[in-house]
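Same chain, two versions here, written out as structure tokens and called structure 1 and structure 2.
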Structure 1
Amino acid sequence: MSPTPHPKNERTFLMVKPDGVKRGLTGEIIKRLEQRNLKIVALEMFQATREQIDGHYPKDETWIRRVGGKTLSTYEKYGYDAKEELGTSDDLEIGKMVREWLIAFMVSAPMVRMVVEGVHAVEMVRKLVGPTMPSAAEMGTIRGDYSVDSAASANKEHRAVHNLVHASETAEEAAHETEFWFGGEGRVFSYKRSEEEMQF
């Protein structure tokens, strides 16, 4: 069994989505990460293909039903008729629709992918980014400060929620996504920030 890595060496994956890129927020997002003493160890702008995004999002029925169930809950919460608007009230079918909306959104413009390293990087980046739904994100988080979208609004318009970034939820997900988007030698770097090199 390999030893547990030092918390400061933890890595996570973050992707600036098309809305973040088109609004010119990539620099601000990187600035917020670096101000927290998190280190960018891989960075690239790219145009995703449909195949890549299809591979990025889970395809298992449990995940798709969970997405569909969340969408149905949103419709119910705001008094909308899912069957009337989407043609079905089946969570699996709705989950498939939402997954298609996600894919269409993610290939609509270039994105910026990165690997971020630092103390409890997964948890820290999620905290800086804020909850998935911008309308529920606190001011001071990236989503809370720069996005006002909601599930209800997105569902009514049959599109993905515009929430600026994707950030891995767990260390396992971060490892998988880093390999998926940055697999290959020499694409993720190791270096010391200036303050790490200074002796006090």
Structure 2
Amino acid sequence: MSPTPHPKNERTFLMVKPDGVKRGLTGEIIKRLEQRNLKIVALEMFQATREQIDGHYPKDETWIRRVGGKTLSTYEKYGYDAKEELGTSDDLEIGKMVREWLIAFMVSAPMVRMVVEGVHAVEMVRKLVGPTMPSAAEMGTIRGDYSVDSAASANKEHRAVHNLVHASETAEEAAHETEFWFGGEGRVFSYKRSEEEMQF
């Protein structure tokens, strides 16, 4: 049996979304990752196509219903009527609408994609980024410090939630997204940060 990999070699995938790029927050986001000792091992600005974003986000019913459910719960929390606003209160129908708005948002301007390596990188990056809905994100997280959107607000304007960053949620998602966006030879690098080279 092969030994389990060292936690410091874990990798995750992160994208600065169009709102992050257009607000000039790319550097700030990278800074927050690097100061937490996470290592950038791949980095690139690019313009996504509709097809790419369609391939990036899951298409299964569970994921679509979960996204639709997020709308329903923020509508409930803030006292909005989903049926009145969106013509339906079905989580699957709403999820499909949101997925379309999300694709339109993600192709609306260039994004910056990267692969980040470090101790428990997937969990660490999600923690630095904060929860999906910026209105629920704590101060000190990227979303909590720089954005203030919610599904109730976004969906009233028939758009996706603007939350600055995408970050993989699980190790499997990270592996899949890294391959999807940085597949091919030599696009993800290996090097030691200077503190790793120090001898104690």
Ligand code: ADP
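One-based numbering along structure 1's sequence throughout. Take the two forms, find the largest set of C-alpha atoms that superpose within 1.5 Å, and that set is the rigid core. Just so it is clear, the model here is predicted, and its values are computed rather than measured.
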item	value
Answer for which single form is the form predicted on its own	1
Displaced residue check between structure 1 and structure 2: residue 87, CA, 2 Å or over, core reference	yes
Residue 127 C-alpha relocation of at least 2 Å between structure 1 and structure 2, rigid core basis	no
Shift of residue 112 between structure 1 and structure 2 at or above 2 Å (CA, core fit)	no
Per-residue Cα shift, residue 74, between structure 1 and structure 2 [Å; core superposed]	2.9
